[in-house]
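First comes one chain, alone, set out as structure tokens in the form predicted alone.
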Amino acid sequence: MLINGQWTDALSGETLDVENPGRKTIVGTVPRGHGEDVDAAVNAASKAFDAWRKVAPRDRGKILLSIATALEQQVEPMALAIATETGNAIRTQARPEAGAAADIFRFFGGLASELKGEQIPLNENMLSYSRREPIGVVGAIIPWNAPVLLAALKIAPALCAGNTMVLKTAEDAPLGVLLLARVAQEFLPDGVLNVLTGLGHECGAAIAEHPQIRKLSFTGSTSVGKSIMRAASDRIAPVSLELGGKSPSIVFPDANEDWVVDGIVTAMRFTRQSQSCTAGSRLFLHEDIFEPFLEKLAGRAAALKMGDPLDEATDMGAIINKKQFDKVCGYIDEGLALPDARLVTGGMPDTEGPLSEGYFSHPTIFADGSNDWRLAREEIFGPVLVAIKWRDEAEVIRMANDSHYGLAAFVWSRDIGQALRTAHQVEAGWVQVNQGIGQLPGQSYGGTKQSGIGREYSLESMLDSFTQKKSVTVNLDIPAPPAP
């Protein structure tokens, strides 16, 4: 683990194994951090904060730009680490993720000069202005589905704003983040960035509850996000939460075209095994195009090449671990048992052959579904799509909004007016029209309802999430000094 610029084991000496889910083999071990390791990291971050906050913002930005350049030179080893530990295919997922991490450092490095306040013209005799100041030590906790990208998304804006950080990796996918931290530490003062490995209920909980951590930034499940928020409430610490989703894809009858089918495959994140909180896993198809669209979609999904994540020919890799694999299988088994459900493609995983050697799950589509099905209401975090028929525009918007989630949504139509009316009515923090790609630096990204609090990826997200505003007012009309 990285603590105060030094690479160290856990004080307990305990370790955790890291598994390659595509082969079910152990590929490494990392320290199993506990509360005492968190204490050491927080103390280091607290000591580093006073000096780091005084570094000129543009100079902090230059450091982030240097990290970005160094990360670009490490894309291949980082992609190898990501693919090995997450099961994500190296060509379709791991390599793009490694490149995106460098892009994020470059983006926020270029925003350092925007850490500025405002002058408020109250009257001619009063100067009133605001300052953007860093919060202090930030505690960050990230998941395993896109670990390097999400680590960069926490580290870069927080450090750019003048904060220091204690970050916990996901126990299933720490290797790529540790490589990122090793690159970053070449340019950062000791203690500015501290990276721990460990279990959520041991290391993560200690971060959430630590009294010296002034801000918590968490990406993960809604249930864990609620516990983070409860822990922060005891000391009134601000939180940013990017949580789960059950995102709708709404296809209008004028969009029964191949490019939309391809867009649905992308929006569903099939090439990441749909292990994404933005996955468009509720597909609302108009009844006029329901069957022909599903037929084309099934063909596209079935054509995805599954296999070894390290094989350049692989489109779709493996589920992260046995626990998640068994969970996904449970949902598929439930769908197969539903009397009113129709399996369009996919089904249960292979029990023999090459795909049985890892946690591989076929892209699976159930049709004739109801928005009330458990498969349509709960976040599966696996390649299981439910196709639901609709007729009336008001009806489909009602169904799309009938969820306690509100992270992402996708709308497909050649009628842009119709598409935008729908986008404006859907209860989601991030809506795409006629495309299913991922987030880009500069966009404001985050959820509504139980999908989270706060925004990421943008200038305003950095300012809102990682700075606090101070107002200073000066009376310019002071009396003249008394005559001698």
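We number the residues from 1 along the sequence you see. Because the structure is predicted, anything quoted here is derived from the model rather than measured.
Absent from the display: the form predicted together with ligand ADP. The rest refers to it.
Asker: Out of 301-309, 277-285, 200-208, 90-98, where are the residues with a heavy atom within 4.5 Å of ligand ADP in the model of the complex?
Answerer: Flagged stretch: 200-208.
Asker: Only one of 144, 252, 331, 293 gets a heavy atom within 4.5 Å of ligand ADP in the model of the complex. Which one?
Answerer: Contact check passes for 144.
Asker: Counting non-hydrogen atoms within 4.5 angstroms of ligand ADP in the model of the complex, say which of 104, 188, 170, 111 makes the cut.
Answerer: By the 4.5 Å criterion, the partner-contacting residue is 170.
Asker: My question is simply whether residue 134 lines the interface with ligand ADP in the model of the complex - judged by any non-hydrogen atom within 4.5 Å.
Answerer: No, no contact at 4.5 Å.
Asker: Answer yes if any heavy atom of residue 271 is within 4.5 Å of a heavy atom of ligand ADP in the model of the complex; otherwise answer no.
Answerer: Contact with ligand ADP, no.
Asker: At 4.5 Å between heavy atoms, is residue 219 in contact with ligand ADP in the model of the complex?
Answerer: Contact check for residue 219: yes, within 4.5 Å of ligand ADP in the model of the complex.
Asker: Any chance residue 239 has a heavy atom within 4.5 Å of ligand ADP in the model of the complex?
Answerer: Answer no; every heavy atom of residue 239 is more than 4.5 Å from ligand ADP in the model of the complex.
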